[in-house]
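Structure 1 and structure 2 below are the same protein chain in two forms, each given by itself as C-alpha cells.
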Structure 1
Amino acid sequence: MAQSSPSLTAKTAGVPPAPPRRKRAGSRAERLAPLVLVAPAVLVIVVMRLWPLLLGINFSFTGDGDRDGTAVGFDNYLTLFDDPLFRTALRNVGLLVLLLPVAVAIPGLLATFIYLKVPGHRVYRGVYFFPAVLSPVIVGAIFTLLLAYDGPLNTLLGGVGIGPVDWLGDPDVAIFAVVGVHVWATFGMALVVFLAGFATLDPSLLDAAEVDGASLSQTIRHVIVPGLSRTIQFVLVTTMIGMLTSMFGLLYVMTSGGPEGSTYLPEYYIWTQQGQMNRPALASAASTALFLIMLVVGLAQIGVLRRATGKEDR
C-alpha cells in the first residue's frame, strides 16, 4: 500500500482517467479483503452462536401449548421458580460448588503421591487416567450395576455387617453417589494437569525442605501448595465447568433425575421439559436461566484465571 501513493501523486498531472480508477478499484479490493476474510468467522459466531442464543431468549417469553407463539412476558420464569423441581436443580448446582474442593483435592493428593514416587507410582499413573477415556454412558452403566440394591457393593458391605444402602434409590444419597462417580470418571484429567504442574516445581526447594527436616504434611503445605497455586486454580476452574456441563450422561443412565427428582440438574430439567413434556418455551426459559448462571460463574472464573496468570505476564 505504501508504494502506491508516490505514483498516484506523480500521475495526477497528466489526468489519464484509467490508472487512478484501477488504483481505486485495487485499493477497494484490498480494503474489502480483510472484511471478506473475517466474514466466515464472524458469520459462524453470529449464525451459530448469537442468533440461536437470541432466539432462545426470545422463545422464553412466548407460551407453550395453546399459547404457542404468543408473548407471555415473564410467565415462564414465574412457573420456573415456582417449580420445586427446578429449585432442586439449582440447589444441586450449589451442592456441586460446595463439593468442588473435594473434587480438586483428590487428584491433587494422588498426584503428590505419584510425584513423591510412592512404590508402584508408574502403575497408578496409568490406572488413574484410565477412566477418563470412558464415555459417561459406559461409566454410568457399570456403576448402576455395582451400586444396585442387590449389587456387589452392598454384598461387600453386608459381608462386614453394614446394612445395604440404596445408593441410587435413596434421595439423600443418590446425588452424592452420582457426583462421586463423576469425580472418579474425570479426576484422571486433573491428575495429568497436576503432574504437569509438578514438572515445573523446583526440586531444590523440596531438597531444602528435606534437609531442614520438614515432615510430609509440612512439605505439602509450605512447599508444594504455594508452588502449584496456579495449577490448582486452573484445575478448580476446569473441574467446575466439567461438573456443570457434562453430568447429563451419568444422570440419564444412573438415576433418570430421580429418586423423587433429587438428582435433577438444570441441564436435565431442560431436556425433560423440551423432550418429554413438550414445553419448549419453558425449556428456553430454563436454558436462559442456566446461561445467566454460567455467565456469572464464567466471569468469576475469568477473574480467578486472570489473577493467576497475570503475575506470569508481568
Structure 2
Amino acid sequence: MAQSSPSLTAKTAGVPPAPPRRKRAGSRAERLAPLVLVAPAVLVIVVMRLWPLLLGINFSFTGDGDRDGTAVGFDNYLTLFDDPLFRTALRNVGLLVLLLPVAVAIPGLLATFIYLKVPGHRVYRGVYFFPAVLSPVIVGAIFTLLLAYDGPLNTLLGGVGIGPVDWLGDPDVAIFAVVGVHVWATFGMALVVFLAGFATLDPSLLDAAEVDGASLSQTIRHVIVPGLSRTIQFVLVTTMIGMLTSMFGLLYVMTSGGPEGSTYLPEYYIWTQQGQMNRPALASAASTALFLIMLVVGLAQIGVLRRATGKEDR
C-alpha cells in the first residue's frame, strides 16, 4: 500500500501545515540581522575614515597658491620626490623598517621573562608600562635634557673614559637617539599585547621543551615564536604604524626635524608643508604617499612572517 503524502497526513490528522511564507520571512530576517548590527560600525568607518581619505587623495591632485583648486595632475607628487627633505624622510622610513625587529624583540623578550616569572616579574609589569602613559612632549623634554651635550648621560660617559656624544646635534646620530627614545616610551603597550598572547599559549609545549632539555633560545625559536605568530604579526604592524605616525611630538620637541633635516619623517614633513609652508595640496600628496608606504610595509611584514612561521610549523 502506497504511503500517504505529508500534507495529506497533516490534513487527516487535523493539523494544518506550517505556512511556507513565514519560514521564508524568518530566514530573511536572520540573514539581515548581522548586516543591521554591523551597519553602524561600517557607516562610522566610511564617514570618518574612508571618505576623508578619498577627499585627501583627490585634493592631492590640485594646486597650491595661485593654482588653488586647479587640477594639476601628478605635479605635487613630482615636487614631492624632488624635495631633498622628503627623500630624507623616505630614507629614514627605510631605517625604521630595519630597526623594527629590535623594537619588537625588546618587548617580546621582556614579556617572555615576565611570563616565565623571573624574580620581581610583578613589579616589572608596572615599570615597563609606565612610560606608555606619559605624553610624547613630556618624554621629549626629559630626554632633551638627558641627551644634551653637557647633560647627565655625557657626564656619565665621561666618568668611564668615553668622550661626549652630540646625541641630538650630530646628523648621523640624532635619528637613532629619537627612535631609541620612542621605543622606550612605547614598548609597554606591545609588552601588554605579548602577555595577552602568552595567555593563549599551550603551557604543555613549554613543559615538553623543558623536559627535552631545550635552551631558552631554542624554546623561543621553536615554541614561543610559532605559538605567538599572530600576536607577533599584530605587534609588527602596529609598531611600524606607531613609528610612522606617532613620533611627531618627539621630533618637534627634541630636534624640530634637525640637524640639517636628518630626523625628518613623512609625518613631520606633512606638518611643515601644511602648517609652516601653507601648501595643503602638497601635504595631501605626502599623506597619500605615507598611507601607501604603511600599506605596502604592513602587507610585506605579514607575508614574510607567515612564510617564516609556516616553515617552523613544518
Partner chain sequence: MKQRALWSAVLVAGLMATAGCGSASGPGSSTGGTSGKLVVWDWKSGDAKAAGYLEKAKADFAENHPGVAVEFVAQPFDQYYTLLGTAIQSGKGPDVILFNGGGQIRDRSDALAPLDTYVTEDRQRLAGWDAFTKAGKVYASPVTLQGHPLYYNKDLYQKAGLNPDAPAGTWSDFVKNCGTITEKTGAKCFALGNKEGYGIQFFLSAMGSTTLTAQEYDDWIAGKRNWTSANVKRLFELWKEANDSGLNNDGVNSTAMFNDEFALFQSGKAANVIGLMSDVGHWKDFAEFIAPDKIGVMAAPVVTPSATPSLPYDGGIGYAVAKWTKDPKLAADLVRSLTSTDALKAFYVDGGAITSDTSIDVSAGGPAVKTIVSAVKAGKPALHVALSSKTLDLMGRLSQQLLSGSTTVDEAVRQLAASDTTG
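Note that the coordinates shown come from a computational prediction; the quantities given were computed from them, not determined experimentally. Residue positions are counted from 1 along structure 1's sequence. Between two forms, the rigid core is defined as the largest C-alpha subset superposing within 1.5 Å.
- Between the two isolated copies of the chain, the form predicted in complex with the partner chain corresponds to structure 1.
- Residue displacement note: Tyr252 has its CA displaced by under 2 Å between structure 1 and structure 2 (rigid core superposed).
- Put the two forms on the same core and the Cα of Tyr77 is off by 2 Å or more between structure 1 and structure 2.
- Comparing the forms between structure 1 and structure 2 on their rigid core, the Cα displacement of Ser262 stays under 2 Å.
- Aligning the rigid core between structure 1 and structure 2 leaves the CA of Phe59 offset by 4.9 Å.
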